[in-house]
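Before any questions on how it binds or moves, here is one chain, the form predicted alone, in structure tokens.
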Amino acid sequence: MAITGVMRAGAVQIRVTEMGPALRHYKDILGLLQTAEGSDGRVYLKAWDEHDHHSVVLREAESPGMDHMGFKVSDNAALDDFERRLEDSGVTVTRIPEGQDEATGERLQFVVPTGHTIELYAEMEQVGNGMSLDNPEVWPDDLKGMKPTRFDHCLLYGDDLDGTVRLLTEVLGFHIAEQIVTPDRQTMIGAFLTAATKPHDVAFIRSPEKDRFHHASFFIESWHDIQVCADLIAKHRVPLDIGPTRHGITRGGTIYFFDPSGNRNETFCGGYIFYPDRPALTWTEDDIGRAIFYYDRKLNENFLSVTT
């Protein structure tokens, strides 16, 4: 399948209250690799099997949360087309010059109706995954921690869910892979949106407040690796939210935990392949416990209420 337009979730900039403990968490426990530190103090990291320069940016700030989430598009022609389409739909777009983020080309920045800042970009320097492009091995030496292969998705909370879903599907070309609705099916509570073949690149939950960050998720290879993550969480006294368990939505294996600033992380495995002709799956609110936590069949209150 030729992927044009938005290709995938590309990067997320996360606010942390102290850079030192945050770096120990994201590098030594989660297992991301540092690729740069900017003159403004921001630190750039990537998962080991990502070729792009970074997928996570940490910025020290007074409060935790997410500054913005970025999606990589197929080329600069797609970037220009999205700028026109967004402006035609009434969205205010800011074009950020090349180089204001390390190793990154021009970016489009705009705010979706749930209040979250989104960026689109086409170009980022490729630094490789530590292995040759010719006759490569299957993984590099000296990996640390949970060893995620990629940044996978974010879950975001906000008020105007309907407006955001319309914008992402009708203007940016996302597909709804799964959704949560009220029992009468009149109101959407949650939407899991994919740009290509993953179960989701971003998800949104309806919430009274705008611009809330629920979690950033990182993909690992297997259920066994989820258990290794649980061991590391216990060994290093990392605050645990819930897991190991499995989602009904996406079918993925999961464990949730918190960084030292209170931002929630997830490591995730499994799921399914999405194609554009695959029907959307619908979960009703009266079965939401099984949808979110398939084994427990009930929700963890922290999971519903704690955001940054």
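Start at 1 and count along the sequence shown; that's the residue number. This structure is a prediction, so every number in the text was calculated from the model and none was measured.
The protein also exists as the form predicted in complex with a further copy of the same chain; that form is not presented, and the subsequent description refers to it.
Asker: Any idea which of 98-106, 135-143, 158-166, 208-216 reaches within 4.5 Å of a further copy of the same chain in the predicted complex, heavy atoms considered?
Answerer: Selected range: 135-143.
Asker: So in the predicted complex, is a further copy of the same chain close enough to Val306 to count as touching (4.5 Å, heavy atoms)?
Answerer: Val306: no, not in contact with a further copy of the same chain in the predicted complex.
Asker: Heavy atoms within 4.5 Å of a further copy of the same chain in the predicted complex: does Pro244 have any?
Answerer: Pro244: contacts a further copy of the same chain in the predicted complex.
Asker: So, in the predicted complex, is Ala234 in contact with a further copy of the same chain at a 4.5 angstroms heavy atom limit?
Answerer: Yes.
Asker: Can you tell me if Lys72 lies within 4.5 angstroms of a further copy of the same chain in the predicted complex, counting non-hydrogen atoms only?
Answerer: Residue-level check for Lys72: yes, a contact with a further copy of the same chain.
Asker: In the predicted complex, do Gln126, Lys198 and Tyr272 all reach within 4.5 Å of a further copy of the same chain through at least one heavy atom apiece?
Answerer: Yes, all three are in contact.
Asker: With a further copy of the same chain left out of view, which of His68, Arg42, Lys27, Arg278 would have a heavy atom within 4.5 Å of it in the predicted complex?
Answerer: Partner contact (heavy atom, 4.5 Å) among the options: Arg278.
Asker: Between 291-308 and a further copy of the same chain in the predicted complex, list the residues on our side with a heavy atom within 4.5 Å.
Answerer: Heavy-atom contacts within 4.5 Å come from Tyr294, Tyr295, Asp296, Arg297.
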